[in-house]
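Coming up is one lone chain in C-alpha cells, specifically the form predicted alone.
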C-alpha cells in the first residue's frame, strides 16, 4: 500500500508517518523539513496550494492522510486568507487530484474546533458546528469538501480533541497548556491558570490518535466523521496539580483573569469510534510522567 501523509513534519503528522513507515510504502510532504532524524528522508518539501505539485505527489498513491494545515488560532485571525489557502485550497487540490487518479481512500484530520462553544457535553459528531475562529471555519470547510467528494473517493473525517505528546507546541491552544505548565514547573515556578481552573478538556495521547487514524483508514465508513478523544474530561486545575506533583513542587497555581473566548467545557463522545473497535489507552498521569523529561 502506498500512503501519502501530508503535514508530515508536524506534531501529529510525524507520528502518523512514523507508524505507517514501518508497515507500508509511506512518504510525507510538508512545507518544512522534517525535524525527526529517522523520518527526514521520507518527507518531500512542497506547497499543497500548488495544484501541479499536488498532482505529481498524488500519482500512484493508494491512501492520503491529510494533516497539513495552518493550526494557530491566533494566526488565523491575523491572516485569515493565508489560513484559508492552507486549510481549504490545499484540501481541495488534494481531493481533486485524488479523484482524478482514483486514490482509494482519503482520511482528513479535522479538529474539535469546528464545534465552537459546546451546547452540551460530551460532544457527539452531530453536535451543532459553530466555530469561533477562522481556523475552525477553515477546518469545517475542509470537512464539507470531503463530503462532497465522497461520491468520487472514499473519504473519512477524524476530529481529534486535545492531543498531547512529547512533541507538543506550547503555542497550540489545544495542547499547549500541558507544555506550558511543564516548562514553567521545570523552572521551579508556579503554573498560571486563567479563570477559576474549573474549565475542562479531553486530553488524548498521540498514541491513541495514531491508533484511531489507522482504524479509520481500514474501517471508517465513506463520508463519515469520528471524534477521537478519551471520553473523559479533566479540569485545568486538576491538570496543574498533577504536573506540580510530578515536578515535586508545593504550593498552589497562580490564578489570573479569564481569557476572552475560552471554552468552559470540552469532552468527546467517542461512542461512534468505539463501534469501529477504538479503545483509548490514555492514562493522563502515567503519560505525563513519561513525557515530562522530554519537554523543555
Ligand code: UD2
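From a predicted model like this one, the values you see are computed outputs, not experimental measurements. Numbering follows the first chain given and starts at 1.
The same protein has a further form, the form predicted together with the named molecule, not shown here; the description that follows concerns it.
Colleague: Name the single residue among 165, 111, 225, 86 that comes within 4.5 Å of the named molecule in the predicted bound form, judging by heavy atoms.
Modeller: After the contact test, the surviving option is 111.
Colleague: Would you mind picking the one in 263, 36, 57, 242 that has a heavy atom within 4.5 Å of the named molecule in the predicted bound form?
Modeller: It is 263 that has a heavy atom within 4.5 Å of the partner.
Colleague: For the named molecule, considered in the predicted bound form: do all three of 176, 201 and 236 come within 4.5 Å of it, counting heavy atoms only?
Modeller: Yes, the whole candidate spot contacts the named molecule.
Colleague: In the predicted bound form, does residue 194 come within 4.5 Å of the named molecule, counting heavy atoms only?
Modeller: Heavy-atom contact with the named molecule at 4.5 Å: present for residue 194.
Colleague: Taking the named molecule as it sits in the predicted bound form, is residue 40 near enough to touch it, meaning that at least one heavy atom pair lies within 4.5 angstroms?
Modeller: No, residue 40 is distant from the partner.
Colleague: Would you classify residue 32 as touching the named molecule in the predicted bound form, given a 4.5 Å non-hydrogen atom cut-off?
Modeller: Close contact is absent here: in the predicted bound form, residue 32 is far from the named molecule, nothing within 4.5 Å, heavy atoms only.
Colleague: Are any of the heavy atoms in residue 259 no more than 4.5 Å from a heavy atom of the named molecule in the predicted bound form?
Modeller: Contact check for residue 259: yes, within 4.5 Å of the named molecule in the predicted bound form.
Colleague: Hey, of 176-184, 207-215, 151-159, 122-130, which bit sits against the named molecule in the predicted bound form at 4.5 Å between non-hydrogen atoms?
Modeller: Among the candidates, contact is made by 176-184.
Colleague: Determine the residues of 37-73 with a heavy atom within 4.5 Å of the named molecule in the predicted bound form and present them in sequence order; the list may be empty.
Modeller: If the 4.5 Å heavy-atom criterion is applied to the named molecule in the predicted bound form, 37-73 yields 71, 73.
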